[in-house]
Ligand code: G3P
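Presented below, as structure tokens, is a lone chain in the form predicted alone.
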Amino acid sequence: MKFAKTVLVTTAIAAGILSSGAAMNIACADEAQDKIIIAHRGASAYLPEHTLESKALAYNMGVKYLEQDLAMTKDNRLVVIHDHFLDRVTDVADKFPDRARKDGRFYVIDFTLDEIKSLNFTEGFVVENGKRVQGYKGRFPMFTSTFKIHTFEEEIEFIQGLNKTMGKDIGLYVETKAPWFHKQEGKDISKATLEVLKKYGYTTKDSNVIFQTFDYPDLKYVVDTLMPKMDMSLKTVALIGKNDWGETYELKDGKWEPFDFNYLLNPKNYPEIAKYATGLGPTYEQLFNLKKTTKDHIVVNDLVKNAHINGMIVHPYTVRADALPKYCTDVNELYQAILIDADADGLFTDFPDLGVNFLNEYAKTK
């Protein structure tokens, strides 16, 4: 494991250095413990993403938060699934072959909850030459064992039940998927999400929940309109994507246009963004100067520093030990760069056990 260390020893004041150094080491250890590991779709490196089994495994790995991605069904139920379509992680194309839209995708919003619960859920895949090819080949084998999609309510009850029996308080990290798309379909996914959270007692910034979305225009609507109307005030995170992903659209002059994520990367806008976001959720590469970064030498930029100046936390995504960037030789090097060198407040990872282990080991060295 690689840790950056700076040592200054001056013989003349050695005793003073030792005493102050001990205090500094305690502070560094406490700081490491304050950083959080968020289970990205559960322990998704080990079990199919967003299954209750994956959440249970991640819970036992010692994370502070479990992530829930949400999409809305035809009959207005919230289900936990990363995409707002079904074909990447289920056998929907086998069971409902005529229900795809013109783009070939099978959208959650076109199916009732009962229909969705009839599907078999699996490790993610893509279709190449008519055959399903698993996205991460070393992960849980496709279409083995039995996994199902569940509702947001079912997951909350599951986590709250574990908190009771295990004596812990593990939080929810909720993401509404494509609110702009749901609006086009006549549904308000953010309002539905807040209603469920309120039902289960998550209403204030002291509640152990974080609400995040890539849809910054919708986040402003949530903070300005929905939460005041519902007497709620939750912690919020503005996710930052890349413009070529086509992740978010906003309504301008009656037309849906791509949202420019550069707005969320420009520190000049941070005082305004901080009115709506408790924190930012960039890709981890957005914390680095990639033009100067080389193998074994990651150069950080000022994104986290600028966010902190404006009172915002930073939780980047997503660390995968089986899909490391070319400038890293092992996952601990990446955890080090994000959490320690760039000073992010936490991160999302498919390997929550490795993230928790990293922080524990780092604290021991201080």
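Bear in mind the structure is a predicted one, so any value in this text is a computation, not a measurement. Numbering starts at 1 and follows the sequence shown.
Not pictured, yet referred to below: the form predicted in complex with this ligand.
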query: This ligand contact at F214 in the predicted bound form, heavy atom, 4.5 Å; finding: yes
query: This ligand contact at E175 in the predicted bound form, heavy atom, 4.5 Å; finding: yes
query: Contact test in the predicted bound form: Y59 vs this ligand, heavy atoms, 4.5 Å; finding: no
query: This ligand contact in the predicted bound form: E333, any heavy atom under 4.5 Å; finding: no
query: Heavy atom contact within 4.5 Å of this ligand in the predicted bound form, the stretch among 324 to 332, 337 to 345, 299 to 307, 61 to 69; finding: 61 to 69
query: Candidate from H150, H82, K235, R139 lying within 4.5 Å of this ligand in the predicted bound form - any heavy atom; finding: H82
query: Candidate from V223, L239, I273, I156 lying within 4.5 Å of this ligand in the predicted bound form - any heavy atom; finding: L239
query: Partner contacts for 145 to 165, taking this ligand in the predicted bound form and a 4.5 Å heavy atom cut-off; finding: none
